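In structure tokens, the next block holds one chain alone, the form predicted alone.
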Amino acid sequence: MRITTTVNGTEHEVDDVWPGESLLYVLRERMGLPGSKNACEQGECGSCTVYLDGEPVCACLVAAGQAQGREVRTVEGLADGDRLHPVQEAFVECGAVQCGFCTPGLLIAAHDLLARVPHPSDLEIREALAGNLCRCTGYEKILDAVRLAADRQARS
């Protein structure tokens, strides 16, 4: 089947998509967008989180055909050209990137949280990031990054 979807503001047509193919596979292997990571393939780790029509979803659990006619925003789509999004900048500055495998999902989760709750409490941050596993076990820097991004967002 052919799917047509808008990814990061650009319309894409992908041919020969088979019914069981995941959105994650299509994004990474067919569209050349490797930002979303393929880790557990069971929706447990959050590394593949993308926005689908503005809602964060695990791309590994979404059939590619479900993206037909819909809008997808990946971690690559958070940046404005060569300029990182303030959440991405905060992750880099705080050393929250670590090995980087969980980072795309955490960035989408943090971005989504700050869009909904501009001044989140630590509990709200922890709850928002709960679906994203970091195997480096360094969550404190990630929490610092979300706090920094929230502070900067409040000042701008």
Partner chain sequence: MGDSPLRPDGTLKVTGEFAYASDLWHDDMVWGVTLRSPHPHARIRRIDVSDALTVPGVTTVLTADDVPGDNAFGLEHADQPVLASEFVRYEGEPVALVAADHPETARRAAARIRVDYEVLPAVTDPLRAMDPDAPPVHRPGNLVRHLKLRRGDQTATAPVVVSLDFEVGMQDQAFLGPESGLAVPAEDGGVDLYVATQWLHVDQRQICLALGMEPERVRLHLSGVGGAFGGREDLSVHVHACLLALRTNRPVKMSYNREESFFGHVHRHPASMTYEFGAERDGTLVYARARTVLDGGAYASSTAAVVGNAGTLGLGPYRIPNVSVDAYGVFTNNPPCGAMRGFGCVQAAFAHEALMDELADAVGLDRVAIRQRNGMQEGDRNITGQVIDSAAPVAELLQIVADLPMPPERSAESDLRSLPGAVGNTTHGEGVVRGVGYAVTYKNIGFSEGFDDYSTARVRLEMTGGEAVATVHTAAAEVGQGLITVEQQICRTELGVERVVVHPKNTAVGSGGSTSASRQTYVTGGAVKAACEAVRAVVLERAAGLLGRPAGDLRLDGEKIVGLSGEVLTGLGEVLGDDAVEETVEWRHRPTHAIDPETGQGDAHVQFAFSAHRAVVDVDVELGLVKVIALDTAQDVGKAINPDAVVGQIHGGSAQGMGLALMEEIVVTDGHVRNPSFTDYLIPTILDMPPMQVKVLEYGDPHAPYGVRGVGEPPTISSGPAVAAAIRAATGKPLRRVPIRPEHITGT
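Residue numbers count along the first chain shown, from 1. Bear in mind that the values here come from a model prediction, so they are computed numbers and not experimental data.
If you look for the form predicted together with the partner chain, you will not find it shown, but the lines that follow are about it.
Proximity of Thr137 to the partner chain in the model of the complex falls within the 4.5 Å heavy atom cutoff. At the 4.5 Å threshold, heavy atoms of Leu148 stay clear of the partner chain in the model of the complex, well away from it. In the model of the complex, the partner chain stays beyond 4.5 Å of every heavy atom belonging to His111. In the model of the complex, the partner chain sits within 4.5 Å of a heavy atom of Gln98. Residues Met1, Ala59 and Arg73 are none of them found to lie within 4.5 Å of the partner chain in the model of the complex, as judged by heavy atom distances. Only one listed stretch (64-72, 125-133, 51-59, 112-120) carries heavy atoms within 4.5 Å of the partner chain in the model of the complex, and that stretch is 125-133. With contact defined as any non-hydrogen atom lying within 4.5 angstroms of the partner chain in the model of the complex, the contacting residues in 75-96 are Val75, Glu76, Leu84, Gln88, Phe91, Val92, Glu93, given in sequence order.
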